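For reference, the chain that follows is the form predicted on its own, supplied as structure tokens.
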């Protein structure tokens, strides 16, 4: 297919100056494709980590331990009150300077890569908001339901996993959907610490070929498509999990 469309876009460039170079140059195509794959991996990792943090953090907020509740509250304030870009730089350049390095065959590299720091920083950033989102869902679960779970002999953790969380998830899905979409778009900041995701790859392509407008159009289309897929999946999940009286 690439061989079929390549002459068309090469002629388009030669006749009009509109340069979608990745559609007729195999090297640029591979560069952009690898950036898209890494971007999708980054998105999945960050969203997954943020959801895990949100579930655990919301449970910890209701713990009897005052120390644990204080730690969670401090975590939320730290990540909610600072820009994600600053957090990314703090993790990569600040904490990254103190992480050990390993021998990679003649040279040393840090244990945690730029990709790893991006996942940690952005996952924790999104997780701070998810904790509050899940907490709001938990608080909306009727007290009678919680008392019924206790009466059935559930432990606090068992009640949270099998009764409260499934109901809270149905209630907080719209807010969770909005936060995950916001976090998805925030992953483009990983470009700042040289994670070779799609924005980084696009930058390399427009720097080599002076086609900034065309690559910007590609980025707009890419994020619109990915966000649309996530929103569609979340709305479908919301409809599938809907129960009368819980969130709808």
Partner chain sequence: MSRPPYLDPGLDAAVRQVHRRSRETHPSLLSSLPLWPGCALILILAASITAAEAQTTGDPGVSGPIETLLQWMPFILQGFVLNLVMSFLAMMLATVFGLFLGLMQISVISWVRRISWFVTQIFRNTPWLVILFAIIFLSPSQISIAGETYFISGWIKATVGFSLPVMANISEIVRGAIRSIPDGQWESSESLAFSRMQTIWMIILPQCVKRMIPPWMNWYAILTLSTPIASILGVQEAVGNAQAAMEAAGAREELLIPFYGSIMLLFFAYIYPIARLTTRLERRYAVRI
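Numbering follows the first chain given and starts at 1. Quick caveat: nothing in here was measured; it's all calculated off a predicted structure.
What comes next is about the form predicted in complex with its partner chain, which does not appear here.
Taking its partner chain in the predicted complex as the reference, which of 194, 48, 70, 41 has a non-hydrogen atom within 4.5 Å?
Selected residue: 70.
Pick from 163, 114, 124, 89: which has a non-hydrogen atom within 4.5 Å of its partner chain in the predicted complex?
Filtering the options by heavy-atom distance leaves 89.
If we define contact as a non-hydrogen atom of the residue within 4.5 angstroms of the partner, is residue 109 a contact of its partner chain in the predicted complex?
Result no; residue 109 lies far from its partner chain in the predicted complex.
With the partner left out here, check for me: in the predicted complex, does some heavy atom of residue 174 sit within 4.5 Å of its partner chain?
Result no; residue 174 lies far from its partner chain in the predicted complex.
Check whether residue 223 has any heavy atom within 4.5 Å of a heavy atom of its partner chain in the predicted complex, and answer yes or no.
Answer yes; at least one heavy atom of residue 223 falls within 4.5 Å of its partner chain in the predicted complex.
Hey, in the predicted complex, does residue 206 get a heavy atom within 4.5 angstroms of its partner chain?
Output for residue 206 is yes: heavy atoms within 4.5 Å of its partner chain.
Decide if the three candidate residues 52, 155 and 180 all line its partner chain in the predicted complex, where lining means a heavy atom within 4.5 Å.
Answer is no for this spot.
Where, within 67-82, is there a heavy atom within 4.5 Å of its partner chain in the predicted complex? Residue list please.
Contacting residues: 69, 70, 73, 74, 77, 78, 80, 81, 82.
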